[in-house]
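Next up is one chain by itself, shown in structure tokens, the form predicted on its own.
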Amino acid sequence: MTAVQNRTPRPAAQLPPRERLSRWANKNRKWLFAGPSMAFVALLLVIPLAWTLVLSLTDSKRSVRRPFDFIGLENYVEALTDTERFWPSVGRTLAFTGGALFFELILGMIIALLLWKPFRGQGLVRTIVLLPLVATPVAVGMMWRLLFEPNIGFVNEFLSWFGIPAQPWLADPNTSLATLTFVDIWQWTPMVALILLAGLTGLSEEPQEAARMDGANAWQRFWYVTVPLMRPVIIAAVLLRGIDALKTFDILYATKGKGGGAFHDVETLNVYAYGLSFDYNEYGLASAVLILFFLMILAIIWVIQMQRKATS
């Protein structure tokens, strides 16, 4: 009876350089494959953000070639004390994002539930539901601008069939933000529905069957079984769509133009910062607004993550 001795690997210091390099590469292959892409993305994020931060501390204006001086936090103080443009823009940004996200989640869940179970013609229905995502936001904005036109738009023409007078949907400062929130809901609800449908498809049937055998009705199964199981997917949809809605610019600018309209009625932080940069050439102040906007997005993400950990 012969004893079999286990061969112990040789120490790395005793290996030839080529074999030592091969062992190191095999051990760190995940970083070697992902490293170039991660470095590229980091450069795309870090360099513009760092330059924006530098500009926010200067009096840069009028021309990008004009020498500028560092003025510390003066731009931040000016922005935070501006009750005519900055804080109303913050309010519109939060109102637009909150309203769009609320209805997109509800409508997206309804659509996902309707498409969850197989039925005849399901592929055609899914294609039709996803059609709003095909067009670019600028094209969508111009299309709805024509549809909401007070005199020749189809929306007012359709309402006239029921005796409802024409409405100044985008011309009235009191209705323009809500109207564009509706446009955003129309375009992006399918994306939320797609995310939620992917989550529903991955759910097990066993909890639903157990609840059904216990006598739970459809609403009880949805609220007490489906929603808790779907919570991680719902939070992911909120994060993805919420951040995207906060950054909305193209639809607002395509329909209302500079300053979010003559009365700044749809001027969000994105539109405000764009106007400061390209209309008034206030690069330092615009950079400060963008840094504050970035910090606001980080704070919202942190709150959502803390809420997710508290409920998990």
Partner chain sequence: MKYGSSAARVFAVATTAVVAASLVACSSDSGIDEGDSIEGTTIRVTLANHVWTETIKDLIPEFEKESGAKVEITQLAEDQLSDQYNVKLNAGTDEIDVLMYRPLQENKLFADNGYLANLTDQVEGDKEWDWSDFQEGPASLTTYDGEVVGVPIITERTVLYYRKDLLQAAGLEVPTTLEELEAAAKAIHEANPDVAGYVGRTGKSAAVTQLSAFLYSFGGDWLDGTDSLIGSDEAREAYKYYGNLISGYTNATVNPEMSWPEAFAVFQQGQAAFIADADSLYKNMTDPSQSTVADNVGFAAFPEGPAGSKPYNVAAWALAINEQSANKSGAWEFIKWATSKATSLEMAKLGVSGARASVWEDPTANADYPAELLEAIKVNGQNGVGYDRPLVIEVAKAREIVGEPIVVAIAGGDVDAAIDAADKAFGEFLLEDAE
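Numbering follows the first chain given and starts at 1. If you're wondering where the values come from, they're calculated on a predicted model, not measured in any experiment. Take the two forms, find the largest set of C-alpha atoms that superpose within 1.5 Å, and that set is the rigid core.
Form predicted in complex with its partner chain: not shown, discussed below.
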item: Contact test in the model of the complex: I164 vs its partner chain, heavy atoms, 4.5 Å; value: no
item: Exercise: D172 in contact with its partner chain in the model of the complex, heavy atom 4.5 Å; value: yes
item: Interface membership of R85, its partner chain in the model of the complex, 4.5 Å heavy atom rule; value: yes
item: Contact flag, M213 vs its partner chain in the model of the complex, heavy atom cut 4.5 Å; value: no
item: Heavy atom contacts to its partner chain in the model of the complex at 4.5 Å, residues of 277-291 in sequence order; value: F278, D279, Y280, N281, E282, Y283
item: Flag for P48, CA shift 2 Å or larger between this form and the one not shown after aligning core; value: yes
